[in-house]
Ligand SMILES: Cc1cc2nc3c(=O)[nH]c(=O)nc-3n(C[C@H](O)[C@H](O)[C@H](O)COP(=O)(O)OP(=O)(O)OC[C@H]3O[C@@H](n4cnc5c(N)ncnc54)[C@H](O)[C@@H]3O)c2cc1C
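What follows is a single chain, given as structure tokens, in the form predicted on its own.
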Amino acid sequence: MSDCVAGRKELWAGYGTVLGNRAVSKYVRKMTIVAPEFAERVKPGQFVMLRLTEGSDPVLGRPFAVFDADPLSGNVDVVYAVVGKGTRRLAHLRVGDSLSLWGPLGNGWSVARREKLPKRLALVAGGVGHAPFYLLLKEILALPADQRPETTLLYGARTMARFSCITDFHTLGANVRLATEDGTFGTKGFVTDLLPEFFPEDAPSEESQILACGPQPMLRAVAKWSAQRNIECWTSLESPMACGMGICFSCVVDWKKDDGTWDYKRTCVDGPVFDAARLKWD
């Protein structure tokens, strides 16, 4: 059963069937859902709202970045950390169970696209912030070699056990650099400590770009570092959402207008990807 949302053909609402739901780390799981009508619509960086079909607790759906989508098989992957009531219930779903979903939602990474691709592109992730980058990397790596930006996923976590899906990125052929705060894997320190190496001082800032997704403190640090280096930076926010369609205004953020005054933007419909230079970080 399916239908278009609010008459917009790019949005879809209906039911999907769980094909897999497995742990990919101690704290994170990957769920594969069969939803062909959704899979053919989604773009890199967009998200989906998922809701359990049995019971009314929780009442609201939950937003999840789309990790992967295959229009040929109709499969959609989402990666999620088990942190609350909603995700704990998702973790107990089995193969063959049904889910309600609607989307794809948000602007995705398309808003960050230039007329001319940057020469150096850093994808900066923390926590489960790697989720919206897999589909983007598939798209980039499908380009002819002479058209691809030099792209690296910079992925940070508190400790080695917090990483997930690294094998997926390696299998895809992506360049990956890792950092852990406790030094258990990769570079010891924060993910921002990897940025100076990827963007040397003599690298032209106009030929560079940063895309980032993760916890707010990480995004703030990346936004400030990029501003100091005059490197264009776009951030995908993980704001709490209720409706996912701009009705409830629960996910508003401060956003700077062209005249320098401040207004509000809804993360779910105006984002989740925003120019970091237009957001209020302090």
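Counting begins at 1, following the sequence as shown. Everything quoted here is computed from the prediction, not taken from an experiment.
Keep in mind the form predicted in complex with this ligand is missing from the figure; the text below concerns it.
Asker: Since exactly one of K85, R113, K119, K188 fits, which has a heavy atom within 4.5 Å of this ligand in the predicted complex?
Answerer: Checked against the cut-off, the match is K85.
Asker: Give me the residue from C165, L136, V128, L99 that has a heavy atom within 4.5 Å of this ligand in the predicted complex.
Answerer: Contact with this ligand in the predicted complex is made by V128 alone.
Asker: With heavy atoms only and a cut-off of 4.5 Å, decide whether A35 touches this ligand in the predicted complex.
Answerer: Flag for A35 set to no.
Asker: Quick one: does P240 come within 4.5 Å of this ligand in the predicted complex, counting heavy atoms only?
Answerer: It does: once this ligand is placed as it appears in the predicted complex, P240 has a heavy atom within 4.5 Å of it.
Asker: With the cut-off set at 4.5 Å between non-hydrogen atoms, does P63 touch this ligand in the predicted complex?
Answerer: P63: contacts this ligand in the predicted complex.
Asker: Within a 4.5 Å heavy atom cut-off, is F199 in contact with this ligand in the predicted complex?
Answerer: Contact check for F199: no, nothing within 4.5 Å of this ligand in the predicted complex.
Asker: Which is the contacting stretch out of 36 to 44, 232 to 240, 253 to 261, 218 to 226, given heavy atoms within 4.5 Å of this ligand in the predicted complex?
Answerer: That would be 232 to 240.
Asker: Using the arrangement in the predicted complex, list in sequence order the residues of 264 to 278 with any heavy atom within 4.5 angstroms of this ligand.
Answerer: The stretch 264 to 278, when checked against this ligand in the predicted complex, contributes only P272 at the 4.5 Å heavy-atom cut-off.
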